[in-house]
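Next up: just one chain, as structure tokens, the form predicted on its own.
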Amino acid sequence: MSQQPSAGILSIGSYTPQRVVTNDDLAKVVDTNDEWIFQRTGIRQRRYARPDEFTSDMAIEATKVALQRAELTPDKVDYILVATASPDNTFPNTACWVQKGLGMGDVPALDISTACSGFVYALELAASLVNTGSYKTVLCIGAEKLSAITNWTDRGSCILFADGAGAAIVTRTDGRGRIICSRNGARYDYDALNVAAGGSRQPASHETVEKNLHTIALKGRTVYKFAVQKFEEMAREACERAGIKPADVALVVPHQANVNIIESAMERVGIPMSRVVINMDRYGNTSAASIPIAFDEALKDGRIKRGDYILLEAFGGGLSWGYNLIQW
């Protein structure tokens, strides 16, 4: 019996800026070194956007690649979702900038603000929109210019963040790229990971700027423990819901935050690191963009084959978390 059409990923595209910043480059800005950064994070280098290159610009470039691979033109997109923690501005949202940049017409355009969990949130929403029949083709983007909101006086966090974008075209398919199940969640923990100022709670002022309150602040130990626990829980839950075992997962594409988090969680689940996509050594932590960039790279490298079960997992500000299990 043929499978009923359901929401799936038709294509993926990604974009990373040209400028490469190594750990040695950062050592000229803060008190750090390559060995210290790599042992604690797994990062060797990252990409930074140009001063005149914004989150929406990178989102547009990633979208162009995804549309080309899907053999679609921008006018075929019915809905735009952009996951970002570093929008071009408060409003209009970044999705509207993408709409304008690609000449898409008056389609719905929505930003999702759950930081690093944004792309998996967006994929669940995209699948829901497609499966209801309300929309045929949804553009799902994760894009960040974190270099614009990094605290360059904090040696523990400024080494992590980077810029880039990834995009997925979600539509009804006959099986390929099928989004089998997803779940998202959040638990309020403001102090763990936040950008304190710039909203109505703390509008911009001389004081907020002087105190670097418009930049990312995080409590590394709190986030680490949370992430390891959630990565393990999500992997087990996704497999249980799909009726498969962890051994059946061909590839895990996790948020690229810290290789030690991923190694600890995968060891608990029993998935070897040979089946986990890691590219943070070259791209750093690009928040909502990290999963689609890594997914795109795995596809181009031939690591994903037809019928494979692919697990996407992320955690982020909120604290938020989420996963998507996909059969390619």
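Just so it is clear, the model here is predicted, and its values are computed rather than measured. For every residue, the number given is its place in the sequence shown, counted from 1.
Just so you know, the form predicted in complex with oxa(dethia)-CoA (UT7) exists too; it's not on screen, but the next bit is about it.
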{"item": "Contact test in the predicted bound form: Y121 vs oxa(dethia)-CoA (UT7), heavy atoms, 4.5 Å", "value": "no"}
{"item": "N258 within 4.5 Å of oxa(dethia)-CoA (UT7) in the predicted bound form, heavy atoms", "value": "yes"}
{"item": "Partner proximity in the predicted bound form: K100 to oxa(dethia)-CoA (UT7), non-hydrogen atom cutoff 4.5 Å", "value": "no"}
{"item": "Any non-hydrogen atom of V223 within 4.5 angstroms of oxa(dethia)-CoA (UT7) in the predicted bound form", "value": "yes"}
{"item": "Listed range touching oxa(dethia)-CoA (UT7), judged in the predicted bound form by heavy atoms within 4.5 Å, from 275-283, 52-60, 292-300, 34-42", "value": "34-42"}
{"item": "Contact assignment for oxa(dethia)-CoA (UT7) in the predicted bound form, among A109, A127, I112, L160, heavy atom within 4.5 Å", "value": "L160"}
{"item": "Residue (of P92, P246, P74, G156) lying close to oxa(dethia)-CoA (UT7) in the predicted bound form, criterion heavy atoms within 4.5 Å", "value": "G156"}
{"item": "Sequence-ordered residues of 101-121 touching oxa(dethia)-CoA (UT7) in the predicted bound form, heavy atom within 4.5 Å", "value": "C116"}
